[in-house]
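Two versions of one and the same chain are coming, encoded as structure tokens; call them structure 1 and structure 2.
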Structure 1
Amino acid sequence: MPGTVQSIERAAAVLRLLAAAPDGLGVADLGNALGLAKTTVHGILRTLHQVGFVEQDRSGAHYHLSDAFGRLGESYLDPNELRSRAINWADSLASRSGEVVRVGRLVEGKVEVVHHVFRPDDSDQDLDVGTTLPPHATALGKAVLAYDTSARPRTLEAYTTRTITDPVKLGEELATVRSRGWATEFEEHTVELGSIAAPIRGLGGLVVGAVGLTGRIERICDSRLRHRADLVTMVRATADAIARDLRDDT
């Protein structure tokens, strides 16, 4: 049993590293990062390749996550399970930030809102649960899309003059999301609104959704129009808390 657990942990570690490297990694890269012998890493990759989780590039020198593995996040976790684990944490985030909070997951190239917490004031607001958002134009979407590039929209529709419609620029934006671990939006979907979101990871580090807050630019950003660091910290801590609950119960 200990050997089996260790093998699973090592395979999960390999998948996490590949998820953060869209251009792929070689056996030596993975071995150095994990402190494992090349033969051990090669054995793990061979098994992951056999079950369809990883693929090799044409040269055979690098491995990357398969499209099939990327789509697992859409199906292996029931949306009601994600919502039930996120409710308390999302409610707390809305209360502390004073902003709208949403939890979403990637479904057929769109971000489906599975939980929505109203801004804690007396303003009129519509419930968004069940609605979909464009992944390239929202922080919630970019936080998930960054780890599943196979779901990137073929056509990048413009919703405002700030929407990213250039595939190259979107790729650069998603690389930034992966490197820092959180996503932003600045009037890209709706004028005068900004957002901050972070990915929610399930077993093996697989991104299964995201949580984010949305509000007016003057509240979300500081005087220099940078997304507020305290809100970023709140959002990331909320995503981590939801992830812990998911892993503890699976």
Structure 2
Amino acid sequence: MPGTVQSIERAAAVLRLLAAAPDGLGVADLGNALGLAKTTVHGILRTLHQVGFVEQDRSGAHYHLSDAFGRLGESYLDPNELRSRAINWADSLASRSGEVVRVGRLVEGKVEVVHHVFRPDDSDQDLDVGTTLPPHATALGKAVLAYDTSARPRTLEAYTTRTITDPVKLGEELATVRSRGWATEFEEHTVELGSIAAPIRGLGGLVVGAVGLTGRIERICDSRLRHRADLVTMVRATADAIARDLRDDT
């Protein structure tokens, strides 16, 4: 039988104490209450702060539970925050690949476009931030769907003859995404367009969205119609860079 994790037990105890103290508690209060060293308590508080469960008052002396703690089921990362963190890396991906770049996240069973970078050819393009895409028919969607079993769409609408409409096939496709760590799209949403996307993992490994590029099949795929390995590498590196920024600080 696997053992229990002591630091999680301690974190739970800290949370219980904070929940019972409307005015918040200091590091020393918590240390005394739990018989723990100040540095230990401090480390627990810092982690809980980073994941958004506790907050500090302005002086920094007192900690209390954050209101986000009571709403754990809701998305923990603000979409506009995701855009702010992604913007540098999404730009870089667009200029490196020469393709359109989008960042998306799952909202009520659809992929919401959180950020959109134009194809860097200065042609006329319209921002589609805020619009939604069908998750089963797009690489961006599959890259998030693969990690969210509660969000499988019930009806799989066909957008082209290549759209996956069979739930079993979609399940297999998502398993492939999980094992490879990236997702593809081949004319499944729009004829002549292909796409590559990778999940963005926030703190603790939670998938908070995906980043991907989209372009004409002949540019996205090689002569054997496989998604180009160099583009896959770029997309994955971009997702990792955004994830690093998300974990870095808050």
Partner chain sequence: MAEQYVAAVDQGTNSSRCILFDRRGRLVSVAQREHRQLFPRPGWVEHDAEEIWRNVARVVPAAIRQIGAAPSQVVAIGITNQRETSLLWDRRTGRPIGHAVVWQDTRTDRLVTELAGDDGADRFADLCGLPLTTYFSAPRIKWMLDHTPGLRQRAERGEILFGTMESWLIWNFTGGANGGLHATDVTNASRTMLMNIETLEWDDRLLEAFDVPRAILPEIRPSSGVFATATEVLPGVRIGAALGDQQAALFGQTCFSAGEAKCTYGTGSFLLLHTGQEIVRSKHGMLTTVAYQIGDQPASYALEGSMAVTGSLVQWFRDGLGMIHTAAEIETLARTVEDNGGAYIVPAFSGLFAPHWRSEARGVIAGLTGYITKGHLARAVLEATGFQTLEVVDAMNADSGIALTALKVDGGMTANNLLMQFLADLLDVRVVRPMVTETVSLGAAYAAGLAVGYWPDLEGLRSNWHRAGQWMPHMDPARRATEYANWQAAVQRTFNWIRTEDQEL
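FYI, numbering is relative to structure 1, first residue = 1. Source: prediction; values computed, not measured. Definition used throughout: the rigid core is the maximal C-alpha set that superposes within 1.5 Å between two forms.
- By the stated condition, namely the form predicted together with its partner chain, the second structure is the one that fits.
- When the rigid core is held fixed, the Cα atom of residue 181 travels less than 2 angstroms between the two structures.
- With a cut-off of 2 Å and the rigid core superposed, residue 14 has a Cα displacement that reaches or exceeds the cut-off between the two structures.
- Remark: with the core as the superposition reference, the CA shift of residue 224 between the two structures stays below 2 Å.
- On core superposition, residue 55 has its C-alpha offset by 28.7 angstrom between the two structures.
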